[in-house]
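Okay, here we've got a single chain as structure tokens, the form predicted alone, with questions on binding and movement later.
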């Protein structure tokens, strides 16, 4: 989390922390294990009143942020979500809210955004697809033109909150390229298949589209800009995940350090043993690097810099390895109790593992980062050659 916050940001983060400490205790999370949506509706409405769903929405649409930098403020909320392994469709709703506020028609914004801001409705981004199209960026769901409509056929999954969302933002492949369509989840031809997930409170589903007829008015934005819009939404999703992952890592590390100082072996606290000191030093380094990666990605995406994609992929590639390793080490240091359901450690491990697999795996982001850097190097080399030729001329 950023080291220097404004007073308003500190108050906002502290308000979220106190709310989650009261409403999302480990006991609450365990009780939600069998809940069909993974959280209480009144909990999400209260979170929306705190501002969780409005930070990426323009003031004209009823949104607004604490500092004027909405993504940075949202990262503070996501960090607390990670520290508490908190329930709720924070990522799904905010990505769609941002997309609709940015690109939606007046009718689309009026239909979707008020319910999201109030916490009364949920929206989710249907982007990822199940095997064999489960690599980052692959889209097989087809949008076939039919007069003034598109006909959708294909599958999406895993889709967070897919079984209880009222609005779906669907990425599909049309003859003109990728398109995004905003449609009701109740549209005829849609079949939702709930999936079992590792996280105790987050719910995922596979959504099947069988000859789903969607009017062209459901298009979100100009198709010529869809790829850029999808890239922006992917960056937003990854920033939220990075902040959440580092929050979970931080909490797991704090619990383990406290345990190591309070637990005695042969008359000495565990924390006094050299081997454990070395492991703690490694874990602390991973945690601080995770903070730096998350903060850098947040700033880059907030400012829409040319390096935003590289920063988010670098962060996901790093955290997907060392975030999991840190929490796994925390589990091991607790010995046998660390692997029990009654201990809290698994809550943070589940959160970090699931986040590392959504919106691109470690290998996906390593490949994506290498491709972006190679492309950038090629452009810079070409520009350098052109400058030399112009100078010689």
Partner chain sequence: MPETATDLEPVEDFRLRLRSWLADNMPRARRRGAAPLRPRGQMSDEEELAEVAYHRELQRRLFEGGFAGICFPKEYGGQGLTPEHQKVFNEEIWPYDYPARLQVPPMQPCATIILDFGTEEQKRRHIPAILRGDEIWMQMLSEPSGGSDVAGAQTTAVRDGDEWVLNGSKIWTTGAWWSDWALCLARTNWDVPKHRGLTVFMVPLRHEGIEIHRIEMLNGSREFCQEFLTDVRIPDSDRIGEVDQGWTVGTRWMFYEKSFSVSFYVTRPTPPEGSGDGMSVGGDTSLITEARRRGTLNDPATRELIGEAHALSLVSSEANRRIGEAIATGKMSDQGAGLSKIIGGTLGIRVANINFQLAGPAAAAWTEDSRAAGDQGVAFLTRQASQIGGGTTEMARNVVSERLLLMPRERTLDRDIPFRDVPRGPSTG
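Predicted model only: the values in this text are computed from it and were never measured. Residue numbers count along the first chain shown, from 1.
The form predicted together with the partner chain exists for this protein as well; it is not shown, and the discussion that follows is about that form.
- At a distance threshold of 4.5 angstroms between non-hydrogen atoms, residue 147 is out of contact with the partner chain in the predicted bound form.
- In the predicted bound form, the partner chain sits within 4.5 Å of a heavy atom belonging to residue 158.
- Although the partner is absent here, residue 26 lies well away from the partner chain in the predicted bound form, with no heavy atom inside 4.5 Å.
- Remark: residue 42 does not count among the residues lining the partner chain in the predicted bound form, judged by a heavy atom distance of 4.5 Å or less.
- Contact with the partner chain in the predicted bound form, defined as any heavy atom within 4.5 Å, is confined among 105-113, 303-311, 223-231, 182-190 to 303-311.
- No residue of the trio 9, 20 and 32 has any heavy atom within 4.5 Å of the partner chain in the predicted bound form.
- For the stretch 206-232, the set of residues having any non-hydrogen atom within 4.5 angstroms of the partner chain in the predicted bound form comprises 206, 208, in sequence order.
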